[in-house]
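Alright, here's a single protein chain in two forms, structure 1 and structure 2, each given by itself as structure tokens.
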Structure 1
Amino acid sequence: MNLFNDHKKLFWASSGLFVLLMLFVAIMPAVNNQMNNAPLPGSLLLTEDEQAGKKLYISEGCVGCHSQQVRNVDMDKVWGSRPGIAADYAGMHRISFWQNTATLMGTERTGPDLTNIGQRQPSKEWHLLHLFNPRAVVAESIMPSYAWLFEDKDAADSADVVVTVPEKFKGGRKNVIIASQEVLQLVAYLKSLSQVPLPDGTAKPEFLYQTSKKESETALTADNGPDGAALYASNCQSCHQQTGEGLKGAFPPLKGSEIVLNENPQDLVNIIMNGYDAREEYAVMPAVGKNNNLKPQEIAAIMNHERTSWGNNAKKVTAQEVEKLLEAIQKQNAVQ
């Protein structure tokens, strides 16, 4: 056969086949997607600070451990309210003359997915402390510390953002710890990450492989309700800690807290659902319940966990009570 003997024919044949397939599976779909997708109407352009934060995110290689994609499978539900679609990434262009586009979808989840982190964890104070030393807020975390993004000062100026770090995690630093410009930008970028709702009338793509039966098996514990401890770990623990003691100067303790132990659970329900920012000395609490779409029975389970752990001893609440309170709160808000 000629192919065995003529190198030109061989080279052209193999590269021809390859290039043809390449056009078909890579270039054409890529061009096609680029032309036929536009950012969703509700999506916001990144501000200058957020853009700078994204650059820091890229240069620190965060994508190596954190993905930014919600797949259309059931287990990804925790990362966003709907599966990601091409339009979510359509607004992304080349970063600079030197650098390529960064969709930052990622292929590895050593750490949690960050598609929706801005909604899930909107607390700036939490992010700053977490970046200074992740173990200060999540004891088991294996994330690197980014302490070099923080400055040391003898006394804080009025414009400085002070980060209250527990003594144990200061890493030898004696003075006041100030967040640098860059880390503030990074936090701004993280806070900007959230899923844009689809325009009205567009059906959400569905999550596949729903495990309805399974869910009822694992989520239910002996007393036939959702597992409060697990829900607490997912939703509350990163700030209030496993011990319920919070972190001094940043997150208030739940252990012995008046609001938690109150006979009337209305305040607690309200805070879990809608957030809280009444106390100067602590960070702002995000609207955890709203952001994460917690259902009444889940809120009840969290509350019961909080009301009966760490030496707390208050009456348990039922899902029905919580539901009623939620309705009342909603009405109240509507009136205001």
Structure 2
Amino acid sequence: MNLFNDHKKLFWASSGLFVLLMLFVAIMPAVNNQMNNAPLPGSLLLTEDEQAGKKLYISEGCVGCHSQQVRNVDMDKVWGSRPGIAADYAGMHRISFWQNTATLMGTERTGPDLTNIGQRQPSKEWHLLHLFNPRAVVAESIMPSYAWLFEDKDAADSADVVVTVPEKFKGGRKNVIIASQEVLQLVAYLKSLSQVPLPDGTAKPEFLYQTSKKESETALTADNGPDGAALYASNCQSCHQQTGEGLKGAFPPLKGSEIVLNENPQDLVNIIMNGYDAREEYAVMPAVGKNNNLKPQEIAAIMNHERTSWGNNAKKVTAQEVEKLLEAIQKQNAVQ
């Protein structure tokens, strides 16, 4: 065949084949994705600080241990309210001309999945303490400390973000610990990671290989009410600890707390629902109830767990009582 003996013909034939392959393998699929995928309504673009935090997330190698994908298997229910879909990633773009690490879906879970970490853990103070020393909030953590992202000062300036660290986890530092701009940007990125709800009427993808009904009802108590211990573990334990003793100098104890044991539980309901920032020696508590859309019966279950655990012995509350207190708090806030 003359084709293989004529370098000019061979050049143009191979070039044409390359263009044809590029058209079918790269260009047409890209056009199809562009036409058929769009971000979900309500999706937000990363802010400048969140984008900078994403770059730090990449440079520090966080993707090596954390994924950002909720698979459609039952074991992934703890990471999100639904399996991930293509639209969850449609709004992500190249970081720069040279960088295409847009989605950071990851391939390994040495640490937890972070798809919905902004909703699971909305506390900036918790993230800062966790990054400074992970063992301060999770004793069994094998995550490395990122203490070099924090500064030491003799005294904090008015614009500084002071990180409240228990003395035993300071690693010998004696001065005030200040969050750098870089770590604040990283926390901003982590807090931006949240699953966007599907539009009304859209069928939600199902998790496969679900456990049996009997096994899935373990989050209910004997009277078919919500399990306060399980709800506490998923909403409160990361700060207040399994023992209810909190972390000295960071998160207040619930064991023996006057607010928890008060006969009038309105303050406790208000704190769970709307957060708390009244004590300088402790970190700000986020609005757990509001952020996680907790129902009155779930709030009551958490309160009853706190009021009857770790030696606490206060009267239990009902969902109806919590509902009335929520209405009273709402009216009070409206007047203010």
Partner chain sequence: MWFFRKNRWPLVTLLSFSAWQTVAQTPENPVLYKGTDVGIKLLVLVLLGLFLAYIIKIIISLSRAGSAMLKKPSFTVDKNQISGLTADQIDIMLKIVPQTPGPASAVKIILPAVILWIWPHFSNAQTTVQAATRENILTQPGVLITFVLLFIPLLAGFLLLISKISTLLKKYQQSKIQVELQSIANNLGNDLFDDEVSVLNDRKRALRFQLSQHELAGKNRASDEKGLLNNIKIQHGTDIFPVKKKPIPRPKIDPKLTQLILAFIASAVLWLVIGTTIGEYVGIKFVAPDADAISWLSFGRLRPVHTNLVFWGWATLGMLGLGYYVVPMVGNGKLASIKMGWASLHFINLSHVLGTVSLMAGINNGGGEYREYIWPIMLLFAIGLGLSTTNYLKTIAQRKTKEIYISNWYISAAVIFLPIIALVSYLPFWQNGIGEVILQGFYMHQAVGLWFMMFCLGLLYYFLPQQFNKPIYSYSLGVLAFWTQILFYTLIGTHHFVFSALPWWLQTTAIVGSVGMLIPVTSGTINFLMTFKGGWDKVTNSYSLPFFLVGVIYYFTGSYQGTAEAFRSTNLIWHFTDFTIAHSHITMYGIISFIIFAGIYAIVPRLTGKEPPQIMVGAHFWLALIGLQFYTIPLMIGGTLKGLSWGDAKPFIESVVLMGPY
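Computed from a prediction, not measured in an experiment: that's the story for all the values here. Whichever C-alpha set is largest while still superposing within 1.5 Å between the two forms counts as the rigid core. Start at 1 and count along the sequence of structure 1; that gives the residue numbers used here.
- Only structure 1 matches the form predicted together with the partner chain.
- P29: CA moves 2 Å or more between structure 1 and structure 2 after rigid-core fitting.
- Comparing the forms between structure 1 and structure 2, the C-alpha position of Q68 differs by less than 2 angstroms, with the core used for superposition.
- Once both forms are fitted on their rigid core, the CA atom of G53 lies less than 2 Å apart between structure 1 and structure 2.
- Once the core is aligned between structure 1 and structure 2, the alpha carbon position of W12 differs by 14.4 Å; this is the C-alpha shift at that site.
- The two forms, fitted on their core, place the C-alpha of S309 3.7 Å apart, compared between structure 1 and structure 2.
- Structural comparison between structure 1 and structure 2 after rigid-core fitting shows the C-alpha of S234 displaced 4.0 Å.
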